[in-house]
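Shown below, as structure tokens, is a lone chain in the form predicted alone; questions about how it binds or moves come after it.
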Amino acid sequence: MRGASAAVLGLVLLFLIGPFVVILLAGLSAGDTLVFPPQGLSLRWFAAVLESDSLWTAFVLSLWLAIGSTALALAVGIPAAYALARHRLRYGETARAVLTSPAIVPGLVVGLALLRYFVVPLDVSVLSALVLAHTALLVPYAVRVVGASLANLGVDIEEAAVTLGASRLRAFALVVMPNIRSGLLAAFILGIVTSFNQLPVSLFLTGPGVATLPVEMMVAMEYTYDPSLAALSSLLALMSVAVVFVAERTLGLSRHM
């Protein structure tokens, strides 16, 4: 039985990690064409990615978009999570369903709907549309993670602060927020990773001169057959794994999910 379980575990790990290993080795190829197994090993395509101005521009845009959208999502999600966790709202479950709906609806549907009924009629700029769209997609994650932290925090410590004369706002700022700091940081990191890797919605909302890194990579795939995209994919995967690993080791990310 133990041998069978180990074999199944090995197959699952191979299925999950195998594609990343293939992409990593393809990015290390010394040849001029994307093939596997690689034609020798070289770091030339990793160097080419790091020297590309267009990819750096898209990377910086994606990073700032992720940070800004995550901050806005937390600004909306923290009060919403607090209201759902601490108060018995008449339509609380309906509000929870609405707040989490962007995470359930396919990204292509969300992107097309925003483009057709929001961006085009109101003539919203490309960058503003991207920020609003990514914020809407990240609000469910902020509500869920912050809500889990609030659920693990007893109300007695907050009520004690109110009993001693603090207002609800002051009690929240000085008592609740410090005690859910790990959850807030976990939500922030999760939001950045999710936004940075977002493609379907960004695909509908990008415009001339404004393209996120995933969109730039998808467009490049139509014309580029060298291992540079495999090298870039490997770098992004390693970056995401590193961020999540550090968050899990320092914040206990899984406790807030």
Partner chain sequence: MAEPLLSLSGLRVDFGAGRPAVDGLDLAVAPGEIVSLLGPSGCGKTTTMRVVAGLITPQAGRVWLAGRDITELPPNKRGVGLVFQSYALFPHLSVFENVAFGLRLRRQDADRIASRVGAMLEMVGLTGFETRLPRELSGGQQQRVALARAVAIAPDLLLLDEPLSNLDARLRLDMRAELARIQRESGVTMLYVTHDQAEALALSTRIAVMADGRIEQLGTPEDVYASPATAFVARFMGFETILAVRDGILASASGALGPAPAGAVNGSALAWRPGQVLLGSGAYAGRVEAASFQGESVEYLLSTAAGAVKAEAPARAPRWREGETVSFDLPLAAAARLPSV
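Positions refer to the first chain, counted from 1. Computed from a predicted model, the values in this text were never measured in an experiment.
Missing here is the form predicted in complex with the partner chain; even so, the following discussion is about that form.
- Of the residues Val162, Ala83, Ala113, Val76, just one reaches the partner chain in the predicted complex with a heavy atom at 4.5 Å or closer; this is Val162.
- Only one of the listed residues (Ala151, Leu132, Ile157, Val98) places a non-hydrogen atom within 4.5 angstroms of the partner chain in the predicted complex, and that residue is Ile157.
- Remark: Pro106 does not count among the residues lining the partner chain in the predicted complex, judged by a heavy atom distance of 4.5 Å or less.
- With a 4.5 Å cutoff on heavy atoms, Ser125 does not count as touching the partner chain in the predicted complex; it lies far away.
- In the predicted complex, the partner chain sits beyond 4.5 Å of every heavy atom of Leu185.
- Taking the partner from the other structure, the partner chain in the predicted complex has a heavy atom within 4.5 Å of a heavy atom of Pro178.
- The stretch that touches the partner chain in the predicted complex, counting heavy atoms within 4.5 Å, is 169-177, out of 169-177, 67-75, 139-147, 116-124.
- Contact residues in stretch 46-81 (any heavy atom within 4.5 Å of the partner chain, taken in the predicted complex) are absent; none meets the cut-off.
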